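In structure tokens, the next block holds one chain alone, the form predicted alone.
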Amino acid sequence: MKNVKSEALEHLSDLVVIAFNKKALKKIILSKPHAVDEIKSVITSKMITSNIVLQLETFSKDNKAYHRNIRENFKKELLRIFRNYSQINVITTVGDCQYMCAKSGNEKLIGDNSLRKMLQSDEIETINTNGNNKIKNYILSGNEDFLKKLGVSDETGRVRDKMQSKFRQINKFIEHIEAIKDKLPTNTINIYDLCCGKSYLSFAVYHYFKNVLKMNVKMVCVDLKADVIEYCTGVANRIGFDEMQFVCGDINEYKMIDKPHLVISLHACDIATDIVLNKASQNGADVILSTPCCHHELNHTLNCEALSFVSKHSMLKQKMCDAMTDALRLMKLEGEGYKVDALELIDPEDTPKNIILRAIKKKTFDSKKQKN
């Protein structure tokens, strides 16, 4: 670790604080660490319980990631962190700059003057008003009772550091629902979550329709794991989510009693996603929102000489099979009378499983014409 005072790092810290205060900071990437057990670190602005903080995420060589939130003394903390790295890239909504330090100790700061001018410009307010900064107000605040009971937030409503990604994920899913709520009933709604797991999303969706939109909600959540179903039933009972039912069973065998208006599924594994989509379409769901998880089926069975130039590379083969599988799923839904889209659920830095398949039932559909 370098303990010497660095004018370049002092200057860089000033710039970062200015960018942070003006809500222009996107990301700081810290590479070439002095610590031998580290790979890199990333600093981003995060909204946590109505407060904007700097979040440091450090990636280690043992495949673990460590998080820490910086809430005060920003310049002092940034300087302390910066001294542990030989390369620092600061990315903002109005420009970037880079710090480099050679083994000899010679330092170089590139792009700092132009970035400072842009940060001091009046134009930055217009840029940020147009939504180019990543700090945002979420539909969920973190203070909701169900988030506390599920361990996403602590008793004060602060989202726990290790749950930040999950919090962003369920908020983004709710945003996708908000975007298509005009395709759903406005008074009473039947919702099914198939392969619900621990049901972070299930509780969030129920809360959104019941407490935000003030609708009558009937929701059924199905999963194979009996202990998870028992746990979620207990949480629902404790917080008064009376119209939430948790069912232990195979989604392939489960029979929907009420016509589904909305069917959701978050990361159903492999062909479980296909079962979800098939069950939803067979029962005439108005809207289907599903985020696939792993895609093994096609990857294990693909045998196509014309695609061998891709499939001979395992990583590229997996990506191709992922895309082809989701495209085939959407094609099937389209043939069953749905308007379909593949959208991004969340920043791929949070999870590579960031595709959401959206299907909205068409009001008029001619199946015979579709076959022709």
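Under this definition, the rigid core comprises the largest set of C-alpha atoms superposing within 1.5 Å between the forms. Numbering starts at 1 and runs along the sequence shown. Model, not experiment: these values are computed from the prediction.
Here the subject shifts to the form predicted together with a small molecule, a form of this protein not shown in this document.
- With the partner omitted here, the stretch from 150 to 158, 195 to 203, 82 to 90, 232 to 240 that lies within 4.5 Å of the small molecule by heavy atoms in the predicted complex is 195 to 203.
- When the small molecule is considered in the predicted complex, only one residue from 218, 210, 166, 261 comes within 4.5 Å through any heavy atom, namely 166.
- 269 is the sole member of 139, 269, 179, 298 with a non-hydrogen atom within 4.5 Å of the small molecule in the predicted complex.
- Proximity of residue 110 to the small molecule in the predicted complex: non-hydrogen atoms within 4.5 Å are absent; the residue sits far from the partner.
- In the predicted complex, the small molecule lies within 4.5 Å of some heavy atom of residue 224.
- Within 4.5 Å of any heavy atom of the small molecule in the predicted complex lies no heavy atom of residue 284.
- Taking the partner from the other structure, the small molecule in the predicted complex has a heavy atom within 4.5 Å of a heavy atom of residue 251.
- Superposition on the rigid core between this form and the one not shown places the CA atom of residue 305 less than 2 Å from its counterpart.
- The two forms, fitted on the rigid core, differ between this form and the one not shown by less than 2 Å at the CA of residue 314.
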